[in-house]
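Starting off, we have a lone chain in the form predicted alone, written out as structure tokens.
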Amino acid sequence: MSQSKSKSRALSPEELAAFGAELDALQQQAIAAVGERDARYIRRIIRVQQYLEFAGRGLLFAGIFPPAWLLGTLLLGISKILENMEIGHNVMHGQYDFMNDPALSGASYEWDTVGTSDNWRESHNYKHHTYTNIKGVDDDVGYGLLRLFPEQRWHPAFILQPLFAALLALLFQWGVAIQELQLGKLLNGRKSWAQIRREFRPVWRKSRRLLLKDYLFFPLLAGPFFLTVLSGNLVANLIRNLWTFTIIFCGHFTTDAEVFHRSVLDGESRGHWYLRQLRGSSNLRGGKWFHILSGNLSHQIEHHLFPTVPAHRYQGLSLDVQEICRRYGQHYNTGSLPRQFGQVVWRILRHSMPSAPAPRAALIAR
């Protein structure tokens, strides 16, 4: 009989309980330390993001000069990445709710991408983080478009998935925007056109406002330089789409990231849930600004273990998590961006063709 490819060993029920208790204690310790330092951090990041956006949009008004266009587009793209990743994503997880600042409330923050925050709170904050990497339950497994694990049923249409993946990367904010609509249910008759139209209305209202801002309002302010501003905004959005696609796909679709059958939910304990988050996630190594620009999703493992802890603390927490993983024989999946993204690309290419799953890795020793 062939063996599972998992680099982690199954834990006994007693070990699983102790594993969960150690991670619970680590989370409680981290939350107890949250305070003014975290508030100063997020306010500083917001100021940096606002300065970058102001400088980027200002330079684009002088975009008739190529260096101004290039620098303005780059700064605007970075400001959009910061707002999306380190601010919007983490604020909406409730990481800064302790500040009691209505502008940073996880329940009401509206980020600057075409997807509505309410849809994201349902598809990501609840579904993805509760059912991480469970096939058929976590919609992030392939985003309803891609076959990334051999456990997903193959269809001849997947031969074209390298093209679908490239389009998803270029248009990533739109993919996230319509994810909650679950358009596949329209094809199999589980949703009607009337229901899709009703659910699409808030997405259209949000996207229309942002389209008008980037592709009409600011270009019109530039007068004769309408096209230089419009093109700068277009490329800045493209930069953000490609960056967020890359970081997010490296979080769960590297070679050693595991996918789970829904039966894993039967009687799942807290320790079992932690183990699934660990084995379904993967990290990226990098420097300070790399982590900030990834929204600290470069520490995807810590994010999934402790989603409400301010993300800039994940790097410190990762040392304790790695030490716990070593003691319990669990693989800590991390690597450089080129290495991890190369594995993602290979998954996309390999599973566009028929492939058979290896025996499922056991989480609990029987």
Partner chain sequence: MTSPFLSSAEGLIARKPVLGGLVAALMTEGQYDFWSRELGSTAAWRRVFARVVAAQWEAADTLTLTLRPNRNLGQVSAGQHLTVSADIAGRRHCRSYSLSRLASGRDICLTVRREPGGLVSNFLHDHVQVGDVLELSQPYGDLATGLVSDATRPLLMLAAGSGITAIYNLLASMAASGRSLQGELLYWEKQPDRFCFTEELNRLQAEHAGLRVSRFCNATEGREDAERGRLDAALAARLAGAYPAASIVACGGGAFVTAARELLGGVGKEFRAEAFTPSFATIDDETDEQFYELVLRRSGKTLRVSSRQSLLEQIEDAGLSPEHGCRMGICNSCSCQQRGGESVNELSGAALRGQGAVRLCVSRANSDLELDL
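Residue numbers count along the first chain shown, from 1. Everything quoted here is computed from the prediction, not taken from an experiment.
Although it is not shown, the form predicted in complex with the partner chain is what the next lines describe.
Three-residue candidate spot A39, R47 and A103; every residue lies within 4.5 angstroms of the partner chain in the model of the complex by at least one non-hydrogen atom. Residue heavy atoms within 4.5 Å of the partner chain in the model of the complex occur in exactly one stretch of 117 to 125, 214 to 222, 241 to 249, 172 to 180, and that stretch is 214 to 222. In the model of the complex, the partner chain sits within 4.5 Å of a heavy atom of Y51.
Under a 4.5 angstroms non-hydrogen atom cutoff, the partner chain in the model of the complex lacks L74 among its neighbouring residues. The shortest heavy atom separation between L234 and the partner chain in the model of the complex exceeds 4.5 Å. The partner chain in the model of the complex comes within 4.5 Å of a heavy atom belonging to G35. Scanning F290, F200, F98, W154 against the partner chain in the model of the complex with a 4.5 Å heavy atom cut-off leaves one residue, F98.
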